[in-house]
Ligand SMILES: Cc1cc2nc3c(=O)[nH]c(=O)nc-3n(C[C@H](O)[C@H](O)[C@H](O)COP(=O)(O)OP(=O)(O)OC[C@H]3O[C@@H](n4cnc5c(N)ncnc54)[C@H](O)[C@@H]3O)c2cc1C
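Form predicted on its own, single chain, as structure tokens, below.
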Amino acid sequence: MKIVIVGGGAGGLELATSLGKKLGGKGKADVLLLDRNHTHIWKPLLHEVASGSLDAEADAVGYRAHAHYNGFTFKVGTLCGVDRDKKVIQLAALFDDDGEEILPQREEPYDYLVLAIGSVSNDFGIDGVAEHCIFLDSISQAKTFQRRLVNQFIRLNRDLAKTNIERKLNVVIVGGGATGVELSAELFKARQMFATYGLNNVRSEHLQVSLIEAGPCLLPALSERISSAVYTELKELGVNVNLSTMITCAEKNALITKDGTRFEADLIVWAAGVKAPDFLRNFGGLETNRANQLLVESTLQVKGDSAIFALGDCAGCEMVGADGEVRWVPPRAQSAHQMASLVAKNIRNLHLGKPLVNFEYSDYGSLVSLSDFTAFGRLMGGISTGSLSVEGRIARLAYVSLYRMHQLAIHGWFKTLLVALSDKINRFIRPRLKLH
């Protein structure tokens, strides 16, 4: 039996690790993970890579080495098609930076295919956004922003040293969800660190961060009280928060709103809305929703093909909310984790001839971290109301624990403890900010 998993994000890597240990390493199945990149970073941490707080080279998980130790195989490749009758997927040709071919276009057969492709930012078709904004959907995009941020701070420090003119570095972030809010705070931490590491002319008033949200509040998934607290904290840090503000056009160094307001910017980040990649819309004749997600059965098999599973942000899975309304399972890391666990169980059940299990989403709450300043969140399971609002040190510890749980799923207890210890040591021996 050959199991092909496309996408090495949180859900895909956890699934490959689980199946590799329980099937691949024991010779019961051939487990193959495919991804266009060579390394993995937990996607909720990409804003830290973008600000320089996290070094992607040092903290990333290499797919090939991880596959070697966990009983599965890794191949680099980009999915471009599927032949469901022949049960093969097509992979695009792979080229290096000089345009020379590394691997030709090729096919990969499967008995069971798992699509864990994730999501990308939704530009909603707004003119100029794709050309002039930076997205944070991948390690490469986060690195691009980080390099530009470093260069902009160096230029700013140079200009401030030469003249008395008080100019600013203007960063505009569109999207008041977790990514936009967390990146806003991380930029102020980065400003402090750059001043510590020699850019002495740059002070707090020289950084202007504008956060633009089309809706009436930040972090709509959280309570109104927490949303208001986050709003207040960002304002105190110096963020220019703009609610109920809709962008209609993007230019090279500016954004224009519906009422004609112009936001000048040295750097523009688009973090508003998510959707599954556009190529899934016509992928093998499979049914999708408006967000390009593949519609799945309760077993997470895609509708119309029992040999294909989908999980994570690319899976359109319906659930019944607490109010009885039918909604989609939200595109969160905890959703991908829960789906990966169920798909692993169902594939093992198929191997053993056992009945499949239905997916039931459990909401464990939401957390948002404002860098080292503070954190806020909502944990499900409160005694009286069913949820518990947390903030400060407790929320920060809960936020960090989410990442540790992901590491636990792919590394196990012993290695996760070593990684956590290594992180503590690195806080003393490595710079607090990536400076190059």
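Sequential numbering from 1, following the sequence displayed. What you see is a predicted model; the values in this text were computed from it and never measured.
Omitted here: the form predicted together with the named molecule. The next part is about that form.
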Quick one: does G77 come within 4.5 Å of the named molecule in the predicted complex, counting heavy atoms only? yes
At the 4.5 Å heavy atom threshold, is A116 in contact with the named molecule in the predicted complex? yes
Does at least one non-hydrogen atom of A10 fall within 4.5 angstroms of the named molecule in the predicted complex? yes
In the predicted complex, does S184 have a heavy atom within 4.5 Å of the named molecule? no
Among G215, P109, P331, G304, just one has a heavy atom within 4.5 Å of the named molecule in the predicted complex, namely P331
Listed residue that, although the named molecule is not shown, lies within 4.5 Å of it in the predicted complex (heavy atoms), from R378, H411, R396, K43: K43
Option from 370-378, 46-54, 24-32, 388-396 whose residues, in the predicted complex, bring a heavy atom within 4.5 Å of the named molecule: 46-54
